[in-house]
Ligand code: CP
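Take a look at this single chain in structure tokens; it is the form predicted alone.
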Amino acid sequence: MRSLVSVRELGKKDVEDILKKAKGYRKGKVSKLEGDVALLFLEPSTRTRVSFEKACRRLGMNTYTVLGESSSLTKGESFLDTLKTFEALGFSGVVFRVPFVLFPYEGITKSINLSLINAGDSTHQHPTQGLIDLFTLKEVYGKLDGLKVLYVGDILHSRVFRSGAPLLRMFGAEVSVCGPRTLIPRDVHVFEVKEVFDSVDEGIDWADVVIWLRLQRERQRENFVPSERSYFERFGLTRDRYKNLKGYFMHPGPVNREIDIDGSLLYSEKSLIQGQVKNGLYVRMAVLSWCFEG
């Protein structure tokens, strides 16, 4: 039994094993698992929660969902005590999304007999989304050595960037970022980014693939951008910028239309967004299998 809280825990062989499983599931090879999984989602989610639920059921596992205000965490119960409750009830694992950073977490994972799978903890990590993006790009490009990937937007609050960048670099891709200076974290070079672009047009000229990120207004405690309109004009995917893309673009969702991306482009020829969503099921099946069978 394993847990997956951060991609930093994964070695290259671990990632390759998960991607191999995902590829098999995509081809229809389904191995069955047993047990009960709690889906503890204290933040809104459509793609992640539903795909995890479907992944569990396709593997033969039972799911029990706890959302937001229905959790005893709102009454002051600690996260550990909530997990101990699931453990006492005989659950095999907990898939969680929480509005706080779960760090350090080693003490928690070692003190319970549960598999923990992080479906997003505040601005810290979103491991399965990073794996989904990696899987999607490997399907399109094969080997990623030298592939230039640009993240655009709210890097400061992005758990998707913090999960995806280390995985992409693990497989040889170059990673750069672009966004308002107010939304670039001071420690961005910890992620070994190639370059920080002020101009999205210069970034697009550099990149083979561009991953747009959502402007996360709900996490911002101050005005990081003058207006959503000015942000879109400076950093969004407009029709003119679309023409200049050398390759594909991605977005983890949900998309803010006319802020992150022109709505007419979401499902265009150069978009991998629907591919990301479809692959989410297979990658999350693979992560569940890796955790519970491991």
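Numbers follow the displayed sequence, beginning with 1. Nothing here was measured: the structure is a model prediction, and the numbers come from that model.
Same protein, other form: the form predicted in complex with the ligand, not shown, and the subject of what follows.
Within 4.5 Å, heavy atoms only: does Thr65 come near the ligand in the predicted complex?
It does not: once the ligand is placed as it appears in the predicted complex, Thr65 has no heavy atom within 4.5 Å of it.
Heavy atoms within 4.5 Å of the ligand in the predicted complex: does Gly253 have any?
Because a heavy atom of Gly253 falls inside 4.5 Å of the ligand in the predicted complex, the answer is yes.
Examine Pro226 and determine whether its closest non-hydrogen atom to the ligand in the predicted complex is within 4.5 angstroms.
Close contact is absent here: in the predicted complex, Pro226 is far from the ligand, nothing within 4.5 Å, heavy atoms only.
In the predicted complex, is there a heavy atom of the ligand that lies within 4.5 Å of any heavy atom of Ser45, even though the partner is absent here?
Result yes; Ser45 sits at the interface with the ligand in the predicted complex.
Can you pick out, from Thr123, Ser92, Gln129, Thr82, the residue that has a heavy atom within 4.5 Å of the ligand in the predicted complex?
In short, Gln129.
Just one of 229-237, 245-253, 29-37, 66-74 has residues with a heavy atom within 4.5 Å of the ligand in the predicted complex, so point it out.
In short, 245-253.
With the ligand taken in the predicted complex, which residues across 87-108 come within 4.5 angstroms through any non-hydrogen atom?
Just Arg97.
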